[in-house]
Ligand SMILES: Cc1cc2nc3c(=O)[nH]c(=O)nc-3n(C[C@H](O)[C@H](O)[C@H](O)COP(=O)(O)OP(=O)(O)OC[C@H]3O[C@@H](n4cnc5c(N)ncnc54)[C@H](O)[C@@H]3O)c2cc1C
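Just one chain is shown here, as structure tokens, and it is the form predicted alone.
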């Protein structure tokens, strides 16, 4: 008979309860389809699971990374020498919030596109322009996902998350989330908070916003002057499908880089050199510049291929990887694109995709 020390027994019980696996290949859990193994891996289906998983990691003194759909993640070829928590908390509940709005409470593991589809089907306004974005509910506040003139921060009412410092679940109002362009307190304080639930406030009545350039062109061709909620959602899906690679067939994370925000003087200098460069004023006085335009028109790098990695032929902001590509190749390619942009425009590009290295 073999005797196991009490501490080892505790770890064994936890491992069995949590189904913590070892050396799990991560490529199949990311849309890039790239990445080495996780030293430890678990699927968390409840808040208790998240608590126990973090305690496990604290005991072993290893880093923790949370993933959902893996649509904004590039895992290193060496893998992740810590614990990967794949959040699978489910549940979507619609709650009436008066004459004007409805609250949607959703588990962090719910599929984002499913939530949008349900909201539009019920005639609720606020997330229709965010259709066809791969990923989970839990990632939406972290990344402050956005598309076609909308950021999800405009619809978020509350976020519930585990504070890994205090090991208590806390709630954040919209203002407490410190949202900004593709950013939030959850991304800024990386690793501290693990989102378990998000509540969205959507309008019962409204007017679907089709003012974004691509949508104006879409409805103009079809001579639709006042598109409905469902028509805007369908337009977004079709426009995205035409411009972006299907992540189920390609190794990609969609837009790899953030559109840069630059000061007005910097934009004026670029405008003198590149008169056709687009720019969109922000509330703080900065100008948002479409990086895809710069990569294409200024750097002549749309469709650029180096080894097994390239910018997508229909959208230069997107990086795609052929089967067999490595994370090292993708990172090297991304650095080359950033170097070219910096050299031509003076803009320091930031990656939107998170690189998992530990």
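None of the values given here were measured: they were computed from a predicted structure. Positions refer to the first chain, counted from 1.
One more form of this protein should be noted, the form predicted in complex with this ligand, which is absent from this view; the next part is about it.
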Check your understanding: For residue 185, is any heavy atom within 4.5 Å of this ligand in the predicted complex, or not?
Key -> no
Exercise for review: Determine whether any heavy atom of residue 253 comes within 4.5 Å of a heavy atom of this ligand in the predicted complex, and answer yes or no.
Suggested key: yes
Practice item. Determine whether any heavy atom of residue 291 comes within 4.5 Å of a heavy atom of this ligand in the predicted complex, and answer yes or no. Key: no
Exercise for review: Decide whether residue 26 counts as a contact residue for this ligand in the predicted complex under a heavy atom distance cut-off of 4.5 Å.
Suggested key: no
Point to revise | Stretch from 205 to 213, 134 to 142, 266 to 274, 172 to 180 whose residues place a heavy atom within 4.5 Å of this ligand in the predicted complex | key: 134 to 142
Check your understanding: So which of 83, 120, 73, 104 reaches within 4.5 angstroms of this ligand in the predicted complex, heavy atom to heavy atom?
Key -> 73
**Study point:** Answer option from 245, 260, 154, 227, heavy atom within 4.5 Å of this ligand in the predicted complex
**Key:** 245
Review point. Is it true that 31, 65 and 240 each have at least one non-hydrogen atom within 4.5 Å of this ligand in the predicted complex?
Key: yes
